[in-house]
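One chain comes next, on its own, written as structure tokens: the form predicted on its own.
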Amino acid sequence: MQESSPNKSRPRLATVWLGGCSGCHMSFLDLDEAIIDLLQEVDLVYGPLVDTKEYPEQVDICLVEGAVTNLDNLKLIRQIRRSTRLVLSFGDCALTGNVTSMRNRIPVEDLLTAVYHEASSPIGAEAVEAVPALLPRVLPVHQVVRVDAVLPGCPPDVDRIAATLSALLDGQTVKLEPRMRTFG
């Protein structure tokens, strides 16, 4: 569903994967045939499932998976906020930092030394030059930009994703049942 020309009658949907495991996107794919119905309602304009290199302008809804971990994430989430009407924190890492923030107890230089300089794996010190500069602390999305809705879960289950997208596409406030508001 690559962007070909803007279609103002259909909402423009993006999904983004920041620092995390991709579990939220895997759960998104678990919508199965409901994805076909969804794609008849929206234009999927950006995300791991779309071959678009730059985040587009005038996005209506963006599901943001993962925490803000490095300078590339920071630049992208700021671009997303500027270009998107509704930003949704998608999953526990986006909401709280979750597993990704476990590194917050370790100074960045100590982390890079342990992983790249002293590790016995094939990863070497040259890899440090290739990875984006890490932020001193992993941050949940709302600590960097304004968030319009949240979807907890690690990962959020299919019912939560469907209920949230349905509400947002109908222009409604997201009101999840209590069982859908839990973390983990």
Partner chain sequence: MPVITLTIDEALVSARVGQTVLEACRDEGISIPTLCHLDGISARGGCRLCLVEVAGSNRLLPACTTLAAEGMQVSTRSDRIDRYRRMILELSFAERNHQCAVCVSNQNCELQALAAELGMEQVRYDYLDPDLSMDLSHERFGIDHNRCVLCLRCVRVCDEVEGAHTWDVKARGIESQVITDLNQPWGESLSCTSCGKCVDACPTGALFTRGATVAEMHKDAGFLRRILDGREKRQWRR
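Computed from a predicted structure; not experimentally measured. Numbering follows the first chain given and starts at 1.
Not pictured, yet referred to below: the form predicted in complex with the partner chain.
Proximity to the partner chain in the model of the complex holds for none of 17, 53 and 83, with the criterion being a heavy atom within 4.5 Å.
With the partner chain omitted here, the record of contacts in the model of the complex names 139-147 of 60-68, 43-51, 29-37, 139-147, defined by a heavy atom within 4.5 Å. Mapping the unseen interface onto this chain, residue 104 counts among the residues with a heavy atom inside 4.5 Å of the partner chain in the model of the complex. Contact between residue 99 and the partner chain in the model of the complex is found at the 4.5 Å heavy atom cutoff. Residue contact with the partner chain in the model of the complex: residue 154 places a heavy atom within 4.5 Å of it. Proximity of residue 95 to the partner chain in the model of the complex falls within the 4.5 Å heavy atom cutoff.
In sequence order, 150, 154, 178, 181, 182, 183, 184 are the residues of 148-184 having a heavy atom within 4.5 Å of the partner chain in the model of the complex; the partner itself is omitted from this view.
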